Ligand SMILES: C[S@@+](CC[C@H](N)C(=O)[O-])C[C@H]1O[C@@H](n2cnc3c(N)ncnc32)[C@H](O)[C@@H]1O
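Take a look at this single chain in structure tokens; it is the form predicted on its own.
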């Protein structure tokens, strides 16, 4: 990530700020934000048929609200791994309530790392989620993120990525970019079709628009993609290949 050091300082400053600015960061990237700004993700356990054996990696986890929710809803028997490059976000995550049946102050599985270089074992996870990271990556680094997800995903696993996307109206996109860059660097808005092309380029055999239900707040379009690896020994029919 070319602007990694700048972006990291921006996010840490946002989380650590006093007043309204810090309040917004801690809540938008926490449980309130999950329900207010990412409501479609609340139903992932049902929509992706997650089980107690799901091994979850959340890239760009913030304070861990999504992983906490999925763990509680599935009664997970495996502690998820939460990755964020902001030490301030992870610090807040460590202070939060137990993660499912796991006390994250004892067994945190919180890792400070970039989305493009993850020091984790190959073919480990059956679910990888990544939200609101792509807008900060140029094409080279976004390809690295997709490559890392492909490497870390176990056979039969799923990778779900969502991000703010373009509206198709240049003036509206400029306004949306202004809103999203209030405290951090200007975003890169990409379409679902662009994300699908990147998934194909790193080797994913299938991918589709995740068709997450509308995100209500902020009223900015999202792009999303669901992709993955078929289980070992199973060849995808032609109709599912891209």
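Keep in mind that this is a model prediction, so the values were computed, not measured. Numbering follows the first chain given and starts at 1.
Separately, the form predicted in complex with the named molecule exists; it is not shown, and the next lines address it.
Worksheet item: Does residue 133 reach the named molecule in the model of the complex if we count a contact as any heavy atom within 4.5 Å?
Response: Residue 133: yes, in contact with the named molecule in the model of the complex.
Worksheet item: Should residue 86 be classed as touching the named molecule in the model of the complex when contacts are defined as heavy atoms within 4.5 Å?
Response: Although the named molecule is absent here, residue 86 would touch it in the model of the complex, with heavy atoms inside 4.5 Å.
Item to complete: Would you please decide whether residue 45 lies within 4.5 angstroms of the named molecule in the model of the complex, comparing each non-hydrogen atom pair?
Response: Result no; residue 45 lies far from the named molecule in the model of the complex.
Fill in: Contact flag, residue 3 vs the named molecule in the model of the complex, heavy atom cut 4.5 Å
Answer no; every heavy atom of residue 3 is more than 4.5 Å from the named molecule in the model of the complex.
Worksheet entry | The single option of 137, 161, 149, 127 touching the named molecule in the model of the complex, heavy atom within 4.5 Å | Looking at 137, 161, 149, 127 one by one, just 137 meets the 4.5 Å heavy-atom criterion.
Fill in: Contact residue in the model of the complex, from 154, 78, 120, 113 (heavy atom within 4.5 Å of the named molecule)
The option sitting close enough to the partner is 113.
Discussion item. Within 4.5 angstroms, counting heavy atoms, which one of the listed stretches 55-63, 193-201, 170-178, 211-219 is next to the named molecule in the model of the complex?
Written reply: The contacting stretch here is 55-63.
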